[in-house]
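First comes one chain, alone, set out as structure tokens in the form predicted on its own.
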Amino acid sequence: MGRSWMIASGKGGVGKSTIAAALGTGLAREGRRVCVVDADIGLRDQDAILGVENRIVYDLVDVANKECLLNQALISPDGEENLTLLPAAQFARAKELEPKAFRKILRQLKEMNDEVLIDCPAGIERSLRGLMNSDVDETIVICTPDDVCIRNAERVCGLMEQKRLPRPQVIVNRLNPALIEYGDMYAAQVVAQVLDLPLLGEVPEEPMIYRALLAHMNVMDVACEGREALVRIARRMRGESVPLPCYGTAALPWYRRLFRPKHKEVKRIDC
């Protein structure tokens, strides 16, 4: 029996779906059998991220409504034998996915895979609540280092506690080491302390990841620091002890301190 991971966020636009797809790919390339479940009914994006948008015939709602078998809806990206995707329905509403039906699908997927990653819809509405059940083994909250996202993440954590789900771990995304050094941005450790959650990983702001998405490439195929951060997180999910890089808080060598760019102060425009 495999493990299921619920990957959620308090708000949209924090990189949750990109991270879910990347972690699924990373785990699969380490020899784990992985299924990524796109549970964002009505918006569907995992198919585009994983490059299978032209191959979808059936989706999660079709399986739940018994209009097809589970295996008929699963799709493997090219070259990824250990990775499958269960896509979301693009033209449906969240209420069309019955919680009992989803729980049954999740149990089947856990029997077929080592890891099941559920890419949840952002927020705390019915679309997320219906996915929460006792067959969820682990929970992850994706958060960016800003006050708005931290506040929304707290709401998600509160809902998970109310539903008696396992205590979440947090991944802090889009960290800028220079801004952290100058005191303009929270470090990942600070975000984890504010949320009172264990820190699963930290991912730096990475232009190469965005460029890979624009080029319809898998972000795990691009050589950059962001990819290395995601690989480290996937290894931690497997149970390995991997040190955190501590972006922006680790001591810099003298030559980097000497030649780092000047920091411009944020000033209000005078009207």
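Note that the structure is predicted; figures quoted are calculated from it, not measured. When you see a residue number, it is the position in the sequence shown, counting from 1.
In what follows, reference is made to the form predicted in complex with a small molecule, a form of this protein that is not presented.
- At the 4.5 Å threshold, heavy atoms of Ala122 reach the small molecule in the model of the complex.
- In the model of the complex, at least one heavy atom of Ser17 sits within 4.5 Å of a heavy atom of the small molecule.
- Among residues of the shown chain, Asn173 is one whose heavy atoms approach the small molecule to within 4.5 Å in the model of the complex.
- Shown alone here, Asp47 lies farther than 4.5 Å from the small molecule in the model of the complex, counting heavy atoms only.
- The candidate spot formed by Pro204, Tyr210 and Leu213 is fully in contact with the small molecule in the model of the complex: every one of the three has a heavy atom within 4.5 Å.
- The chain is drawn here without the small molecule; in the model of the complex, the stretch among 240 to 248, 37 to 45, 66 to 74, 53 to 61 whose residues come within 4.5 Å of it by any heavy atom is 37 to 45.
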